[in-house]
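Okay, so here's just one chain, in structure tokens, the form predicted on its own.
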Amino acid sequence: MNYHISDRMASLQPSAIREILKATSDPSIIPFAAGNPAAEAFPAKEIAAISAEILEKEPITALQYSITEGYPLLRESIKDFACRHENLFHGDDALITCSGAQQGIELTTKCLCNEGDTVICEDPSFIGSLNTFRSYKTNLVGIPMEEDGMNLELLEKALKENPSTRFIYVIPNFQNPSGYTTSLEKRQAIYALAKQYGVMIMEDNPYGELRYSGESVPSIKSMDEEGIVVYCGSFSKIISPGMRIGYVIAPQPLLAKIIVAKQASDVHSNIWAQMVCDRFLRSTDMDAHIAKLNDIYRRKVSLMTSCMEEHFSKSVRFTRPEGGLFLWCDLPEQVDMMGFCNQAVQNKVAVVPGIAFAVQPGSHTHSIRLNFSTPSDEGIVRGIEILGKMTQEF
């Protein structure tokens, strides 16, 4: 059979990260290519107890169809949780739960973008979002990342040159893959430019709770008096990615269309998981829980960076993130980055090549992304020793 693939999907390539993870399922591989929470971070006992109680006392609610907007009690819990430090709701903003923040990004793009419309992104950026934008045949424009966020001069230039821009996509906190945090000044400037040029902002914040050092920075959504920011949040990094609980906060007219789009996609997200998430949020001291997670990751990132300082060639530059799960390495320009990544896998270490996160082909050809949350402490030490030796040889 000669299968006719739609134009939308024909040119779309699989996520390089997912393909690497499949190729490196061997438990002997040190997984610097992953982005999973640490094994010791999961509240497994608490989730087991909550699940048992739900299935004993409310089995029909957990197993029956529900509403697309999401489990009502969870939506209340999310609002209380998300707004405990800052206000994310303005005017007619409302909330929908979704199957991870990834679905929120996809549904929002589906509602806002026609083929040929422009999406402006940080460059490099998260491959899952980039593939979503590509699947809707958008024109992607990448703005180089600096240590404190997007290059504002180039952002305004892109807005002037692309009048069909529908939104600016940003990950302001501990960006994936760079690890950079956008400064307050740049967040304010990005918002001001979006307002000036009449475009929306999609603020993706899956890592915001995972801050290990420095001071918290207000979200762009907290500044949104104009109804131009869509905020995507997730519990994947602080409770469980397997539960697939994310949410979108957006102005009601847009959210109404996102609800219709979700009805056509999956009717509603897993209600059992939403009930578990709701009860976990209500019964747990979330600030203490998050502090425990941050203790774990603070130790891990400190271990990785100290090992890199000891073993890596001095010609390798790497970021020192204040939070999140990733750091970014720039190898010398003469290094064959794909050769480096392939040799790393042969040496039982998996890393992600920087080109996987490039908005346009041909950039970030001398970079790699490393994850410190997934590997064990022993794996971090051993893996960095291996990569360090390779940086010396290359």
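Note that residue numbering follows the sequence shown and begins at 1. Because the structure is a prediction, the values reported are computed rather than measured.
The discussion below concerns the form predicted in complex with a further copy of the same chain, not included here.
Asks: Does every residue of M9, Q103 and D266 put a non-hydrogen atom within 4.5 angstroms of a further copy of the same chain in the predicted bound form?
Replies: All three within 4.5 Å in the predicted bound form.
Asks: Would you mind picking the one in D148, D295, E310, E115 that has a heavy atom within 4.5 Å of a further copy of the same chain in the predicted bound form?
Replies: After the contact test, the surviving option is E115.
Asks: Can you work out which of I47, A358, V345, V335 has a heavy atom no more than 4.5 Å from a further copy of the same chain in the predicted bound form?
Replies: Answer to the contact question: I47.
Asks: Hey, in the predicted bound form, is W272 touching a further copy of the same chain, heavy atoms inside 4.5 Å?
Replies: Yes, W272 is a contact residue.
Asks: I'd like to know if G354 sits close to a further copy of the same chain in the predicted bound form, meaning any non-hydrogen atom pair within 4.5 angstroms.
Replies: Judged by the heavy-atom cut-off of 4.5 Å, G354 is well away from a further copy of the same chain in the predicted bound form.
Asks: Although the partner isn't part of this model, could you tell me whether P253 comes within 4.5 Å of a further copy of the same chain in the predicted bound form, counting any heavy atom of the residue?
Replies: Residue-level check for P253: yes, a contact with a further copy of the same chain.
Asks: P37: heavy atom within 4.5 Å of a further copy of the same chain in the predicted bound form?
Replies: Taking the distances in the predicted bound form, the answer for P37 is yes, it comes within 4.5 Å of a further copy of the same chain.
Asks: Counting any heavy atom within 4.5 Å as contact, can you tell me which stretch out of 70-78, 313-321, 280-288, 229-237 lines a further copy of the same chain in the predicted bound form?
Replies: It is the stretch 229-237.
Asks: Using a 4.5 Å cut-off on heavy atoms, what residues in 47-68 are near a further copy of the same chain in the predicted bound form?
Replies: Sequence-ordered list: I47, A48, S51, L55, P59, I60, A62, L63, Q64, Y65.
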